[in-house]
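Single chain ahead, by itself, as structure tokens, in the form predicted alone.
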């Protein structure tokens, strides 16, 4: 199996339980997983930093700058993901971070844009579940839930099974099918599809919290 081949998966946001904090809600979720029989399989981290087109490259035509999201996933420690706004996802090695420093004349890091999610990985039968706390700086901003179904690599073929598991686990907070599922139809699911979902989740949480970030619209 290719090291870049990934099982079909879903990334979604879990709202904070009424009267509970983010951390208390995470504990409720992980306790529910453990009661189902899920076993801990270490930890995970996904981070994202936003870059915007440098003003010096826009010219005098009033052009709008482009955004690029540089991301890392602990599942792929030797890789770096660059997702362009409304564009493709580039998978490179970790030296890409060094390249971004050299490209500061073209892309500049948006201030206070670093966002990440960290948590515990759980194995439940053929499902890998990751429940994480999303943070910006020192503050917890939300909760991420990623679920992968191991035996299937074509996203559209396993959505019904993922949905059934998510309904048992998340109840009324079960998400709809990720947009990447519809976009790729019968294509093999890959790590870029997961990173796109995390990018969408992070941007959604930023907007919900109304966090002002320079260069982000």
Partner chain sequence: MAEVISVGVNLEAFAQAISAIQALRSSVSRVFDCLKDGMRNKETLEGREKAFIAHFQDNLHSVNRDLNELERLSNLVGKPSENHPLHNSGLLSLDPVQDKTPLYSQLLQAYKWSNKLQYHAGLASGLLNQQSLKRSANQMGVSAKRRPKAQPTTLVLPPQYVDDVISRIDRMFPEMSIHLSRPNGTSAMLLVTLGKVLKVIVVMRSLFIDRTIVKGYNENVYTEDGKLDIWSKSNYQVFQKVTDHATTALLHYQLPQMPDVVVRSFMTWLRSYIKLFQAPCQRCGKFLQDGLPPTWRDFRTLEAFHDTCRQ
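Positions refer to the first chain, counted from 1. For clarity, every value in this text was computed on a predicted model and none was experimentally measured.
What comes next is about the form predicted together with its partner chain, which does not appear here.
Scanning 170, 154, 54, 28 against its partner chain in the predicted bound form with a 4.5 Å heavy atom cut-off leaves one residue, 154. Stretch-level contact check against its partner chain in the predicted bound form with heavy atoms at 4.5 Å: of 99-107, 67-75, 142-150, 81-89, the positive one is 142-150. Annotation: in the predicted bound form, residues 124, 158 and 161 each come within 4.5 Å of its partner chain through at least one heavy atom. Taking the partner from the other structure, its partner chain in the predicted bound form has no heavy atom within 4.5 Å of any heavy atom of residue 35.
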